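First, one chain by itself in structure tokens, the form predicted alone.
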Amino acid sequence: MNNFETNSEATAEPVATTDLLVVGAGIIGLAHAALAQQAGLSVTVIERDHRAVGASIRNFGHACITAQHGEIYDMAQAGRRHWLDFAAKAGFWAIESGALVVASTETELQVLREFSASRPEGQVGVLGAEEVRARLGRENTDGIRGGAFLADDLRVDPRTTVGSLATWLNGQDDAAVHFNTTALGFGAGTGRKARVETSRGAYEADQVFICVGHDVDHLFPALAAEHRITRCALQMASAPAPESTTIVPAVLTATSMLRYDAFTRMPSAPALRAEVEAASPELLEIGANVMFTQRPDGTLLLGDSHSYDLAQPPFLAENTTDRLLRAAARVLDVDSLAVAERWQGIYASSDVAPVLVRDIAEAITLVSVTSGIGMTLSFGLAEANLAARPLTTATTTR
């Protein structure tokens, strides 16, 4: 799978060689590895944890493609086909679900009309109240003014996707995923190769991608400070769906429209923010994005709040969860939701740019999605990074 050679210039210890070494087995790292393997490269992934436990399993499983803007939108669209391709290959659940944006006021609906008019015909469909009610499985349209359907969005099951992708990748020729293996240092290897010292020996590769999410400051504190990377902590919960309720699309609300660039660029967006500030200041106080998705087992994933700091305390505020659950219950027109689980998610955030890609040395590239759209961008970002650093299978002795 990967060859072991002796690098007499650096050490007498065996050195594993591979075309591509990826540090980090979250969705960003695995997307880079999977695309490289399919292109014919030998690939090794190392991951410090024993299994996936980070941001890649703590989210909604929503590839929010349609609501992105500019280069980020192009990147999200580029990755869409790879999501579907690897779902078929690796056997994880993925559906072309789209997303449903629920509008409860005329201002919210006006933003959606403007958004629809700004996009190609059919990509964003404006819906009436009855259509929204039917997609939510509700009995009435109370509190619903209308909505929109975002056709290009996808959904996966966040609890199982990265594990399935890692298992599939590890089973391919010229690919390996090593858990419980920590990167300890980076430097120059033999010739033009990069060298990575790990807790299980050294690796040399023609290209290294370091995909460690919000932990950039643990490895490269100066770069993290330059990019103003902080940690965004969010609160989420799961609950059984109301009886006989099946909701196919991801469900977004007015607070979602305040967080995604494609919505905030619309002419009526300032009026929407003022309206939400007047009607629901308690949601803006916690940085709420009131939304939910439904897992294949029927469980609803509900959230979420946002707070920002360099280090995040692990404590969850019950009042924050209560606000989110009450808001979600109103959308579903139920009295309450019975919580099964609560958890904290953490991802990298920056006010400099939503993505950080930096060549820190020859053949060593740091990659971090510094916004809450890692699932959305993963494969498109990987495609762009591999295209910018072309490798050939001829450089590594098999």
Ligand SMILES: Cc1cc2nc3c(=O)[nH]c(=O)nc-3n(C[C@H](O)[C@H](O)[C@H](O)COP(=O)(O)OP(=O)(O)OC[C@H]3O[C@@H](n4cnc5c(N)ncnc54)[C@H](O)[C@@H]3O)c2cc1C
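Keep in mind the model is a prediction, meaning the values are calculated, not measured. From 1 onward, residues are counted along the sequence shown.
What comes next is about the form predicted together with the ligand, which is not displayed.
Only one of 357 to 365, 23 to 31, 36 to 44, 332 to 340 lies within 4.5 Å of the ligand in the predicted bound form by heavy atoms, and it is 23 to 31. Among 167, 319, 140, 182, the residue placing a heavy atom within 4.5 Å of the ligand in the predicted bound form is 182. The ligand is not drawn, but in the predicted bound form it has no heavy atom within 4.5 Å of residue 349. Using a 4.5 angstroms threshold between heavy atoms, residue 213 counts as touching the ligand in the predicted bound form. Contact annotation: residue 376 falls within 4.5 Å of the ligand in the predicted bound form, judged by heavy atom distances. Among heavy atoms of residue 95, none comes within 4.5 Å of the ligand in the predicted bound form.
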